[in-house]
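Only one chain is included here, represented as structure tokens and corresponding to the form predicted alone.
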Amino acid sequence: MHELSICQSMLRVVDGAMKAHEGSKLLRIFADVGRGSTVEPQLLREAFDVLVTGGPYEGAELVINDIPLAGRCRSCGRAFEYREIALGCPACGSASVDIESGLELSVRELEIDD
């Protein structure tokens, strides 16, 4: 369950932002999680709940923006969204594809009460 260590890293980002903006209470974290990032959103939520319970961020909400894994084939030019992990273009089978989204894993925004 690498989601626990990922969530710890996210909270270090939050710590820095809270200090920089002198926020008193964290309300929400908005995170982008791509389907190709190998992070399971439900496990990330569970790790978040465990880590914030009893701490300075207790009561904060983790809002996950689920980003589909999408690409474009260099051979036939077709844009597509992967429904499952695959290596090639679903239209022509070419392995020459560019991944356009779905590998993201980032804290996009924080909602802080001053």
Partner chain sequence: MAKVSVQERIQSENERVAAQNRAAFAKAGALVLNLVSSPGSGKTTLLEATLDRLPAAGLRSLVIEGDVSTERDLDRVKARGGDGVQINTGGGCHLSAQMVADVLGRLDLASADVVFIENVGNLICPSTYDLGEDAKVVLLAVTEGDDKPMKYPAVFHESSLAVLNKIDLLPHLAYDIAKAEREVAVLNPRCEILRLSALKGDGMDRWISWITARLAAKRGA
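Numbering follows the first chain given and starts at 1. We call the rigid core whatever largest set of C-alpha positions still superposes within 1.5 Å between the two forms. A quick note: this is a predicted structure, and the numbers were derived from the prediction, not measured.
FYI, the form predicted together with the partner chain isn't displayed, but the following is about it.
Shown alone here, Ala60 lies farther than 4.5 Å from the partner chain in the predicted bound form, counting heavy atoms only. Interface membership of Ala91, defined by any non-hydrogen atom within 4.5 Å of the partner chain in the predicted bound form, is ruled out. Using a 4.5 angstroms limit between non-hydrogen atoms, Leu69 touches the partner chain in the predicted bound form. At least one heavy atom of Leu27 is located within 4.5 Å of the partner chain in the predicted bound form. Shown here without the partner chain, the chain has Ser94, Ala95, Val97, Ile99, Leu103, Leu105, Ser106, Val107, Arg108, Glu109, Leu110, Glu111, Ile112, Asp113, Asp114 in 94-114 lying with a heavy atom within 4.5 Å of that partner in the predicted bound form. In a rigid-core overlay of the protein, Glu22 has its C-alpha displaced by at least 2 Å between this form and the one not shown. In this overlay on the rigid core, Ser101 has a C-alpha that sits less than 2 Å away from its partner position between this form and the one not shown. Annotation for Asn65: C-alpha shift under 2 angstroms between this form and the one not shown, rigid core superposed.
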